[in-house]
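Presented below, as structure tokens, is a lone chain in the form predicted alone.
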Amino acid sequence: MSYKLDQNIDLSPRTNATYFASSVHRNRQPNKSQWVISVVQEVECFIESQINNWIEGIFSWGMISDGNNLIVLGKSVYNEELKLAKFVTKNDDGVWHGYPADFCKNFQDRPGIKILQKWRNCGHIEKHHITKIRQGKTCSL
């Protein structure tokens, strides 16, 4: 399956959400983190965040695991590897968009404790990762 950038993507029946894959996170815009995964992988990451209920209000949090490790989803504005994704909706139109989240540099890109505990319970992260992520410290995810 392929998806087009800058167009709403209906994700039914897998989820009742609509997703907007924005080109600003793929066109090397200087103040935006950039995806390094394909648009298909970006959308799948979002779908998994919805299916697994990694949702906090208008935010949904994602990651892609290869079994033992998290894969790099994107690069920060400082060209650092990012392994978490943040998805946002305004709730009034139900359309979501997302970007690679830089939890070290941006407080707003840190998932809440409930999401981190869900990831730990699934075996995606370890206990010490929770503290480091919440404090914005570098860790080996």
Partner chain sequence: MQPVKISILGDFIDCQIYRGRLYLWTFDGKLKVYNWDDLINSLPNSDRDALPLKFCFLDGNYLYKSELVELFHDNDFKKILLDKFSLLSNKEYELSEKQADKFLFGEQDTPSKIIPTDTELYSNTLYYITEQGLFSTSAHRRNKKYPVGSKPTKLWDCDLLSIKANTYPQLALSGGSEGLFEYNLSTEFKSSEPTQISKRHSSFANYTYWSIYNTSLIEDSYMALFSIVNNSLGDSLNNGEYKSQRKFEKEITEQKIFKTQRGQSFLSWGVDDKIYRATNNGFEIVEFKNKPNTEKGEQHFAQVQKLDLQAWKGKVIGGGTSYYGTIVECENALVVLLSDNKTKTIQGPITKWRVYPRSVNYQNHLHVIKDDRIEIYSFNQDYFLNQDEKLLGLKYKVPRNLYWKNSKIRKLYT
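Numbering follows the first chain given and starts at 1. Predicted model only: the values in this text are computed from it and were never measured.
One more form of this protein, predicted together with the partner chain, exists but is not displayed; see below.
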With the partner chain left out here, work out from 36 to 44, 81 to 89, 61 to 69, 109 to 117 which stretch has heavy atoms within 4.5 Å of it in the predicted complex. 109 to 117
Non-hydrogen atoms within 4.5 angstroms of the partner chain in the predicted complex: do Ser2, Asp10 and Arg14 all have one? no
Taking heavy atoms only, is Val24 within 4.5 angstroms of the partner chain in the predicted complex? no
Look up in the predicted complex whether Lys75 has a non-hydrogen atom within 4.5 angstroms of the partner chain, and give yes or no. no
Would Lys132 count as touching the partner chain in the predicted complex under a 4.5 Å heavy atom rule? yes
Give a yes or no for Lys105: in the predicted complex, does one of its heavy atoms lie within 4.5 Å of a heavy atom belonging to the partner chain? yes
Let me know which residues along 123 to 141 have a heavy atom within 4.5 Å of the partner chain in the predicted complex, or say none if there are none. Glu126, Lys127, His128, Ile130, Thr131, Lys132, Arg134, Gln135, Gly136, Lys137, Thr138, Cys139, Ser140
